[in-house]
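Shown here is one chain on its own, the form predicted alone, set out as structure tokens.
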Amino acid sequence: MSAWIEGRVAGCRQWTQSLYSLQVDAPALTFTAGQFARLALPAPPGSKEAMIGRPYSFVNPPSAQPHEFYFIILPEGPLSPRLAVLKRGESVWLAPRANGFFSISETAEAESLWCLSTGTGIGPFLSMLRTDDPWVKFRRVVLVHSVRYAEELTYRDAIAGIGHARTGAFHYVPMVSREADRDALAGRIPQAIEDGRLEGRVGLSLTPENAHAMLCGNPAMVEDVQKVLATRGMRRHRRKEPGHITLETYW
């Protein structure tokens, strides 16, 4: 099997100064919602490797093309600044297989599913929630998206579409930590769980008796939320040791 397959840029959207979404036509690549691909571009002359590749989660559901990837530009990074300036029709390469176990099939049965994300960590949840899998397994789904500034609350149209399709079963909670926003909760996810504001917002409890939590985002959020949930008796879920928390660090 070839190390890379060639895709073509179908579009690129700039959300903020540093947040972008790249759409890529690559029909041969299949995946499970929640998984990630490796995107790559040719390395500069003189590099040790022929290609520079990095992992990016799929935002689109498996049934939809083109593939979409949501990312933040790292100014000194070797790949993200180059991805952001690609034009329609230009080549971008992908690893031939998707990877990762952050998926609905890797969660435990529960009454409700809590999808807790920061920044670009919302991407895999948007892929999952546009499939039938979470709605078959859980009666209620909560999507929390925590960002620093309100302009970073992206994909609002896609989220509204999920809400329209899943009326009564879906709750979306935006959070903004560094400025006031009338529609969003203030602060960080761990504190909003600890003081009860998050559960109060949606009218559901986040407990081991009725909930499974999926965490995706920056390592500080993932670590701090685990600590808060541990005080409620919630622990990480593993195949051989069922629990209440599935996680992935991604930002």
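Residues carry their position along the shown sequence, with the first being 1. Nothing here was measured: the structure is a model prediction, and the numbers come from that model.
There is also a form predicted in complex with a small molecule; it is not shown, and the following applies to it.
Undergrad: Taking the small molecule in the predicted complex as the reference, which of 50, 28, 220, 64 has a non-hydrogen atom within 4.5 Å?
TA: Checking each option against the small molecule in the predicted complex, the one that comes within 4.5 Å is 220.
Undergrad: Quick one: from 85, 160, 180, 74, grab the residue that has a heavy atom within 4.5 Å of the small molecule in the predicted complex.
TA: Looking at the other structure, the residue within range turns out to be 74.
Undergrad: Can we say 212, 235 and 246 each have a non-hydrogen atom within 4.5 Å of the small molecule in the predicted complex?
TA: No, none of the three is in contact.
Undergrad: Within a 4.5 Å heavy atom cut-off, is residue 134 in contact with the small molecule in the predicted complex?
TA: Contact with the small molecule, no.
Undergrad: Just to confirm, residue 199 within 4.5 Å of the small molecule in the predicted complex by heavy atoms?
TA: Residue-level check for residue 199: no, no contact with the small molecule.
Undergrad: Please determine whether residue 92 contacts the small molecule in the predicted complex, using a 4.5 Å cut-off between heavy atoms.
TA: Judged by the heavy-atom cut-off of 4.5 Å, residue 92 is well away from the small molecule in the predicted complex.
Undergrad: Please run the contact check for residue 148 against the small molecule in the predicted complex: heavy atoms, 4.5 angstroms, yes or no?
TA: Yes, contact at 4.5 Å.
Undergrad: Picking from 116-124, 103-111, 134-142, 161-169, which part of the chain touches the small molecule in the predicted complex when contact means heavy atoms within 4.5 Å?
TA: It is 116-124 that comes within 4.5 Å of the partner.
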